[in-house]
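Heads up, the chain below is alone and in the form predicted on its own; it's given as structure tokens.
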Amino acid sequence: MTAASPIQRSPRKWNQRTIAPWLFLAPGLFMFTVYVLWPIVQSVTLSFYDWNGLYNKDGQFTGTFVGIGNYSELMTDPAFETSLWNNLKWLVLYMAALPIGLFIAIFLNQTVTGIRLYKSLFFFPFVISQVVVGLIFAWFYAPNFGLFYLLTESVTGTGTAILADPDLVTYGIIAAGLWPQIAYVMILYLTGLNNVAPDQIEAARLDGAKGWRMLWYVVLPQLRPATFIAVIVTVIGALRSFDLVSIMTNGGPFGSSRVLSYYMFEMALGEYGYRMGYGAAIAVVLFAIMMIFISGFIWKMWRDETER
């Protein structure tokens, strides 16, 4: 009796299995290289130059190499410090979207009369643009006629113009940003709740689990993938906050509501900016902060997958 010989694959089939995946990946890799990697390389390179964004009449680059001069200037720039602190406030307070979105999703996952109407109301902030959200909250906070101003006036006797207060303005804008972010997280959790195993729920009920114990020991472990995505999109949403700041305050009053992305815009493209190298240095710092968080989450996901 002879031993079975290994299956011999023809060179043509081997080439198909090797080349075919790369052919499908090629368009995506090309787009990723052109629109993501190349701009990152250009931004890092530009951050070492002092450049006003203009070329000379011969089309030649007019920037001056300053090494780490832009980064050194950032370390002593009070506007950069304010923007960085505001970004940290966004990052911490935006995490409130996770528990709030989860509990709204659990509520909307019930089968009661009128639940479709409630779902539509909670979905609404997700489908409108950030521009509209900013305008709605700007009117909500507006002095003299805004609902928030009138409420604080009726309670304390003095209305609070939150967008005009340097100490409160960032919190007011974060509250506006949380409205659509909670809706986004809620949708992620609603999708996750549809995949919760009903047999495990039934078995937990037979064992006497209910309420918080059911949520903590049975439901939440099965929502881990949804939680992972929710954390990622919330962190990115907090760090790239720009549109609401631009619409509601333009970074004011006195620059107190600036975040890194808005300060980068002011320095590189603003009316009195045109410091492309300095703006690129701010962008590199923001990118590095994002990469720290995103790499951490990706590493945790990779570790969880390999330990299964």
Partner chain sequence: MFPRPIRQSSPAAQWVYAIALPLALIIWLFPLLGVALTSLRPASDLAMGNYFGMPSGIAWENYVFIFTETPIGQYMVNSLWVTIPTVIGAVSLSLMTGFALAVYNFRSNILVFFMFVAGNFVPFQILMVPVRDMTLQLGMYDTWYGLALFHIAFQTGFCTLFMRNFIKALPYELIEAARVEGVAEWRIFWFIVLPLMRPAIAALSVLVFTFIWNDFFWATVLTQGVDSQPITAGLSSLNGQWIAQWHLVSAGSILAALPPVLMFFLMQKHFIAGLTLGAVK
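Numbering follows the first chain given and starts at 1. As the structure is a computational prediction, the values presented were derived from the model and not from experiment. In this text, the rigid core denotes the largest set of C-alpha atoms whose superposition between the two forms falls within 1.5 Å.
The protein also exists as the form predicted together with the partner chain; that form is not presented, and the subsequent description refers to it.
| Residue among Ala96, Leu168, Ile201, Ala79 with a heavy atom within 4.5 Å of the partner chain in the predicted bound form | By the 4.5 Å criterion, the partner-contacting residue is Ile201.
| field | in the predicted bound form, the one of Val132, Leu88, Leu151, Ala164 near the partner chain [non-hydrogen atom within 4.5 angstroms] | value | Contact check passes for Val132.
| query | Should Phe65 be classed as touching the partner chain in the predicted bound form when contacts are defined as heavy atoms within 4.5 Å? | reply | Phe65: no contact with the partner chain in the predicted bound form.
| said: With the partner left out here, check for me: in the predicted bound form, does some heavy atom of Tyr55 sit within 4.5 Å of the partner chain? | reply: Yes, Tyr55 lies within 4.5 Å of the partner chain in the predicted bound form.
| said: Would you classify Thr249 as touching the partner chain in the predicted bound form, given a 4.5 Å non-hydrogen atom cut-off? | reply: Close contact is absent here: in the predicted bound form, Thr249 is far from the partner chain, nothing within 4.5 Å, heavy atoms only.
| message | Given that the partner chain is not shown alongside this chain, does Gly146 nevertheless sit within 4.5 Å of it in the predicted bound form, heavy atom to heavy atom? | response | Heavy-atom contact with the partner chain at 4.5 Å: present for Gly146.
| query | Does any residue in 102 to 127 get within 4.5 Å of the partner chain in the predicted bound form, counting heavy atoms only, and if so which ones? | reply | Counting only heavy atoms within 4.5 Å of the partner chain in the predicted bound form, the contacting residues of 102 to 127 are Ile104, Ile106, Phe107, Leu108, Asn109, Gln110, Thr111, Val112, Ile115, Arg116, Leu117, Tyr118, Ser120, Leu121, Phe122, Phe123, Phe124, Pro125, Phe126, Val127.
| query | Does Phe242 move its CA by 2 angstroms or more between the shown form and the other one when the core is aligned? | reply | No: Phe242 shifts by under 2 Å between the shown form and the other one.
| query | Is the C-alpha displacement of Leu29 equal to or greater than 2 Å between the shown form and the other one once the rigid core has been superposed? | reply | Comparing the forms between the shown form and the other one, which are aligned on their rigid core, Leu29 does shift its C-alpha by 2 Å or more.
| Yes/no, Ile298 Cα shift of 2 Å or more between the shown form and the other one with rigid core fixed | Yes, Ile298 moves 2 Å or more.
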